[in-house]
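Okay, here we've got a single chain as structure tokens, the form predicted alone, with questions on binding and movement later.
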Amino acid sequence: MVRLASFVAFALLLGAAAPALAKPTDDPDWPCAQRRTGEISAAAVWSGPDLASAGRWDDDAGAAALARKLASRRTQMTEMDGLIDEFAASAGADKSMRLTRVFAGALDVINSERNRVIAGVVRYARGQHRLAEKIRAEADKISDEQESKDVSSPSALDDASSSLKWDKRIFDDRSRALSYVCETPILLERRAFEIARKIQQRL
């Protein structure tokens, strides 16, 4: 039988994990240290030609292909210069307009991915909150049972203890992964900035 002290330890551990779910804002569904913001605006990273004036980026097959490649996290930052230079060399007199399309496309693709990531973070946080509530309820129930003078079913108490340990392990694993999950939107913002900077150098 698990002693009451074990569940006090569980509660302390749960409290230690709580900062991973702490909110810097009043948003109960956002667990990350940085604030949740809307889409990356072109104005925040781009000082080149007006994007709308370059036309639809997805109507330019070459520009669209490069935009998607630059936006992909599979593409290393070190590869970008060569890819952009190759495209610029083949663009001819339309270089400025077509490079502007490349940035417009890359920004759209990055924002779409970032929106998906943020939605996933929200689901992640909600799942952690539900699991934390389940752990607290399980710990309270077992503690009450242990404090009673008559434990009705020692085997049921052991089963409940095992379930609590498993849920706590899952909670802790997810809490440790949270820093990586929260970093992804920041990495996407940095990628958008780097793409803008590199393209603007070649206009």
Partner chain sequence: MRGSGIWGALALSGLWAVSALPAGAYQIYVTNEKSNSVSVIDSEKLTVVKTVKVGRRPRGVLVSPDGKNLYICASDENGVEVIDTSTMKLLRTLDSGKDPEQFTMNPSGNPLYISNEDNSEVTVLDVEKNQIVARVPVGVEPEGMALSPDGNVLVNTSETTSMAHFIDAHTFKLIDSVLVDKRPRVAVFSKDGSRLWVSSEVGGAVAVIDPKTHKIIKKIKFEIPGLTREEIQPVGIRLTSDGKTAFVALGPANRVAVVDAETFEVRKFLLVGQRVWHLALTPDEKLLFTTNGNSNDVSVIDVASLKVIKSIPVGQSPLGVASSPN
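In this text the structure is predicted, and so the values were computed from the model without any measurement. Residue numbers count along the first chain shown, from 1.
Only in words, not in the display: the form predicted in complex with the partner chain, which the text now covers.
Note on the partner interface in the predicted complex: the residue among A160, L51, I170, V45 having a heavy atom within 4.5 angstroms of the partner chain is V45. With respect to the partner chain in the predicted complex, the three residues S41, R190 and Q200 uniformly fall within 4.5 angstroms at the level of their nearest heavy atom. Taking the partner from the other structure, the partner chain in the predicted complex has no heavy atom within 4.5 Å of any heavy atom of R176. Proximity of R35 to the partner chain in the predicted complex falls within the 4.5 Å heavy atom cutoff.
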